[in-house]
Ligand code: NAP
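In structure tokens, one chain follows: the form predicted on its own.
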Amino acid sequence: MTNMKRVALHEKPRLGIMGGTFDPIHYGHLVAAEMARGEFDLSKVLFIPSGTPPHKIRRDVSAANLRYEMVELAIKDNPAFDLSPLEIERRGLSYTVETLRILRRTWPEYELYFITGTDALLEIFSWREAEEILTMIQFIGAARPGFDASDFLLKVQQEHPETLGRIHYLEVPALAISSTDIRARVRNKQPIRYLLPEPVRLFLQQHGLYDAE
């Protein structure tokens, strides 16, 4: 297991990268980003909604501009959060390695920390050019309470020694919330208030998102 204590002294400022479909963004995403920011001394967290994610089997992912606007509504009151249209402006499938190459050129003075769910971390070696990704950034795996990441981290570090100290684990209580559940609740006309920011809930209502899925 990696050291989970906040490190205040480090050579470079740290930039958190929060990628995802965000369909819709909810409090689980926001709490994970804020907890990672505090725990790992991140200067800011950059949210990057995916364009056309290659790993998503849903064919009805909401339009990129709508997902981008929902993230914008959700993070506008946090000065430590920022938003990038990098992936939704790029044509074709959105591959993490391509995004990270651009970010490394754009933010050369920062050490990059990629915040993602532990379920995604379990698939990391199936990503395009995973070996390069692991040398470019550090990972923060946000997990639901009770998820034991120790076996996974030990296996990764044994098979890929270069990842030692570069994959971290963070328990986030609000990750019991999921975008899949919110979409199902909307479809079944169940309440979603307090699962996501109110401006986002109103945006879903205004645009009729997920009603006809």
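Residues carry their position along the shown sequence, with the first being 1. Owing to the predicted nature of the structure, the values given are computational and were not obtained by experimental measurement.
There is also a form predicted together with this ligand; it is not shown, and the following applies to it.
- For the options Y110, Y95, F81, Y113, the one in contact with this ligand in the predicted complex, meaning a heavy atom within 4.5 Å, is Y95.
- Scanning R185, K44, R144, H160 against this ligand in the predicted complex with a 4.5 Å heavy atom cut-off leaves one residue, R144.
- In the predicted complex, this ligand sits within 4.5 Å of a heavy atom of D119.
- Proximity of R128 to this ligand in the predicted complex: non-hydrogen atoms within 4.5 Å are present.
- Contact between F203 and this ligand in the predicted complex is not found at the 4.5 Å heavy atom cutoff.
- This ligand in the predicted complex comes within 4.5 Å of a heavy atom belonging to H26.
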